[in-house]
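Next up is one chain by itself, shown in structure tokens, the form predicted on its own.
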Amino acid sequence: MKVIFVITEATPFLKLGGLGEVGGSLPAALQRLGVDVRVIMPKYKGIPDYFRQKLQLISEFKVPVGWRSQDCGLQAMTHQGIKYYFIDNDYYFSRQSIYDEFDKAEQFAFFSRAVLEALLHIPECKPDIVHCHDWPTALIPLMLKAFYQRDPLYYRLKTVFTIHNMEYQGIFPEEVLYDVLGLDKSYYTEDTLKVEGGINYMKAALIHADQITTVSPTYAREIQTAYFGRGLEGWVQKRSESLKGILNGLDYDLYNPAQDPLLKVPYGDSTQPKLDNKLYLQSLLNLPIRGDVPLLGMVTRLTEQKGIDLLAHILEEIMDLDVQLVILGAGNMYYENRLHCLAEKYPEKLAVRTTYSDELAHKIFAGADLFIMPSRFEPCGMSQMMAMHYGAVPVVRNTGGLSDTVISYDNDAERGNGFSFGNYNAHELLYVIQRAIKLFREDQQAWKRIQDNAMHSDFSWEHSAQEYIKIYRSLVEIA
């Protein structure tokens, strides 16, 4: 079985968030299970020179973009046994920003059409499946049917579309349909791409993909409701029989506290090195070095999706407790400024770094006793999995993948691997933090059990890959 994996981020080439983790880790897991998988992504300016110098030119060809014809190069390299192909066009991809350019409708229309054209130039791989990820690739199932249906190479080709976040759908003005996509008015109806105020790329995939997946079972149910569906819930409901939620996994080669070179003291099941990492983190961030104080950690984007508004509302009440809190993340300037002001007010309790550092993130996972993740919505979430594997007990809101990965100690004292709350309410968050701190102080035996359950929760990519393979096989059998 041959699968073309189309994505806009993939470690180690380029990663902005969880999508990049998926792009690097899921193909490797699929390959280990016997799938011939190739990855296609844009050749971004931000890809390190180390990799760019290894790229080999495969072909050059023209790509239709509406009434235009754009030059395109196809370059390739093999990384850890997987063939990666890069769509090369300096005009579209030699830019500082990945998703926020003024012409992103055209940028990703070009990329989607270029992927389909590129299949003609990879003679050794006639794919069975094209697996597309999120709105920048959502046109591919539509373009396949609109422009390539009668070509023998594409005739039996099936598409899978994975929704990573319904918040971002690719909504653009009506004229994009004709000027950029090269489609006629028959595609501008309520039953096709039309939405209020324009056209919707993600809607194209919801209508035309052969199979739809999303990144956790709970999120698959949530996006069929108005709050989480963001206007597309009706279309998700129509495709519910072709929708499956598959939890993302965690790359245990990258996130392994026993072999992590970014840690001061790597560790396995022993709690003493975990304590050593906590003391080192305190010293690194100029906090009082105390092994007895509960150390809370957050690694997050500072946006309301991630619940930073809840935390900001109760932060001074948290500072009244005998705790320390470390926050790493950037985003909304209001929250960045507020956190810095509070860090100046409570220098012995609060350390804030408004940037992103993979190295410091690993150190926080290793040093924190509790990991706070009170998301408003969370399609899957990977930070809680990382924290758990490093023995940082998660405090999360019951939504999306957080519900699917965290078993609340309050509901199951034997299997509990964290703490959770239901309503999006600041004082529910405060209460569950207080509850966790109380247990940390008063019942170390129960705490060690929760910590052990967290560290041994299995989120390996192989589980996810097996579920995707079942989908691929069912589609190939239909073909």
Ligand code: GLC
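As the structure is a prediction and not an experimental result, all values here were calculated from the model. The first residue of the shown sequence is 1; numbering continues from there.
Separately, the form predicted together with ligand GLC exists; it is not shown, and the next lines address it.
Here is the short version: of 79, 164, 208, 264, the single residue with a heavy atom within 4.5 Å of ligand GLC in the model of the complex is 164. Of the residues 145, 121, 290, 301, just one reaches ligand GLC in the model of the complex with a heavy atom at 4.5 Å or closer; this is 301. Contact check for residue 465: every heavy atom lies farther than 4.5 Å from ligand GLC in the model of the complex. The shortest heavy atom separation between residue 136 and ligand GLC in the model of the complex exceeds 4.5 Å. Contact annotation: residue 374 falls outside 4.5 Å of ligand GLC in the model of the complex, judged by heavy atom distances. Using a 4.5 Å cutoff between non-hydrogen atoms, residue 140 does not count as a contact of ligand GLC in the model of the complex. Residues with any non-hydrogen atom within 4.5 angstroms of ligand GLC in the model of the complex fall in just one of 228-236, 357-365, 344-352, 381-389: 381-389.
If you take 15-51 and check each residue for a heavy atom within 4.5 Å of ligand GLC in the model of the complex, you get 18, 19, 22, in sequence order.
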